[in-house]
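Next come structure tokens for two forms of one protein chain, structure 1 first, structure 2 second.
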Structure 1
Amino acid sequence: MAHKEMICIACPMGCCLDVEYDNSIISVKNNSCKVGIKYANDEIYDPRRMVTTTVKTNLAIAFLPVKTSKAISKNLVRNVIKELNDITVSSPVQIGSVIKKNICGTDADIIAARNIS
């Protein structure tokens, strides 16, 4: 049995969770709501993160801020960043435009986070 302490960021309460787990969650203590139990399960068995970064452009502004359309598995974040290093945006983009579909096979798209003309 393993033990881990973590701060739940799923809601504004920010509970300091005390989690015991093995092949599944055995107990979650100090959570104020049920969201903390789901958060602990996700963080231990399939942690996911939104990716926010920039890609190069050959426009007036050198870098375009981008983000993933949804959270991706934490162990794929480096692969996504590496693939984005090879992308250069060459035409004007609008906020919300898809820069790269299905990045690294994650089923998430890379979305522009600002307008550049």
Structure 2
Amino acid sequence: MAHKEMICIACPMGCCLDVEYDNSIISVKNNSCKVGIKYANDEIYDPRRMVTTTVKTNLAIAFLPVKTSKAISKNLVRNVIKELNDITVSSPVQIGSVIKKNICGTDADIIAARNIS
């Protein structure tokens, strides 16, 4: 059985979780909500992160802020950024529009975080 302390990054509370695990999670302590349990589980077996970055446009605003539709595997973050470097948005977008579907096979989409006309 292993033991690990980790800061939950799911919200600004930043609870300091006390996690006991083996092949699966045995116990999670010091979490102030149930999101902490899911976070502990993900962080030990499959750490995930939201990715936010920008992509080029040739519109009124030169850079469009974008985000992944959900958290993706931590070790794919750099691949996602790399792939987005080659994208240029050329038609107006609304918040929530999909810029790229299933980025790097992560099952997450890249969506616009700003309106650009």
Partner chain sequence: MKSVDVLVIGAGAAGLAAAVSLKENSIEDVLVVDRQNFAGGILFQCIHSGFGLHRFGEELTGPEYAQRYIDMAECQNVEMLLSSSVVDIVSKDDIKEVIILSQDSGLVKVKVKAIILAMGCRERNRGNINIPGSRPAGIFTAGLAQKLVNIEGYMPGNEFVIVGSGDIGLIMARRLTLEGAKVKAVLEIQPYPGGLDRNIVQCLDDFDIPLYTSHIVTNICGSRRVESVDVSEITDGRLTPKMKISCDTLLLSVGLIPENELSITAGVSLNAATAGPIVSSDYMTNVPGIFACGNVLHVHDLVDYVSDEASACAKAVSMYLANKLPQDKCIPVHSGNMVRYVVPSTVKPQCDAILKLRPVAPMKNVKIKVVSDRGDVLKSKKLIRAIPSEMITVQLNDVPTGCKSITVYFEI
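Think of the rigid core as the biggest set of C-alphas that the two forms share within 1.5 Å after superposition. Sequence positions of structure 1, starting at 1, serve as the residue numbers. Being a predicted model, the structure only gives us computed values, none of them experimental.
Between the two renderings of this chain, the form predicted on its own is found in structure 1; structure 2 comes from elsewhere.
If you fit the rigid core between structure 1 and structure 2, you'll see the Cα of residue 49 move by less than 2 angstroms. Shown in the overlay between structure 1 and structure 2, fitted on the rigid core, is a CA shift at residue 94 smaller than 2 Å. The chain behaves as two rigid parts between structure 1 and structure 2; the smaller one is rotated by 24° relative to the larger (C-alpha superposition). Taking the rigid core as reference, the CA displacement of residue 17 between structure 1 and structure 2 comes to 3.4 Å.
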